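Below you will find one chain, with nothing else, as structure tokens; this is the form predicted on its own, and questions on how it binds or moves follow later.
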């Protein structure tokens, strides 16, 4: 059960810079499965590996359902082909979404810069009038 390899909730929070609430949330979503002793939770190496993947997935903008699908494909026997293929597929889709968002942002930034530049003479006139 408990070994030197398990971490308390506080140790997990410190190691991964997350809050206890975050860990409990991921546990409630059945993404983490800590050992419970009364009200205490102890996290195994497997939980730490899963949390690392969860946080990386969230940073890339994957949904919790996407992350769950990836985690559920883990094969303890060592063949993680299905997991790698699913991860690659989801990552390609997410990258396409991010690139589309970036293109939209680039257009919006250019338009906003043009609006600001067009407004500069009017703003300068207001400032001169206020002097």
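Keep in mind it's a predicted model, so treat the numbers as computed, not measured. Residue numbers count along the first chain shown, from 1.
Note that the form predicted in complex with the DNA isn't included here; everything after this is about it.
Among the residues 86, 94, 58, 68, the one placing a heavy atom within 4.5 Å of the DNA in the predicted bound form is 58. Residue contact with the DNA in the predicted bound form: residue 8 places a heavy atom within 4.5 Å of it.
Within 4.5 Å of some heavy atom of the DNA in the predicted bound form lies at least one heavy atom of residue 19. Looking at residue 50, you'd find every heavy atom of it more than 4.5 angstroms from the DNA in the predicted bound form. Interface membership of residue 64, defined by any non-hydrogen atom within 4.5 Å of the DNA in the predicted bound form, is confirmed.
In the predicted bound form, the DNA lies within 4.5 angstroms of at least one heavy atom of each of the following residues of 13-46: 19, 21, 22, 24, 25, 26, 36, 39, 40, 41, in sequence order.
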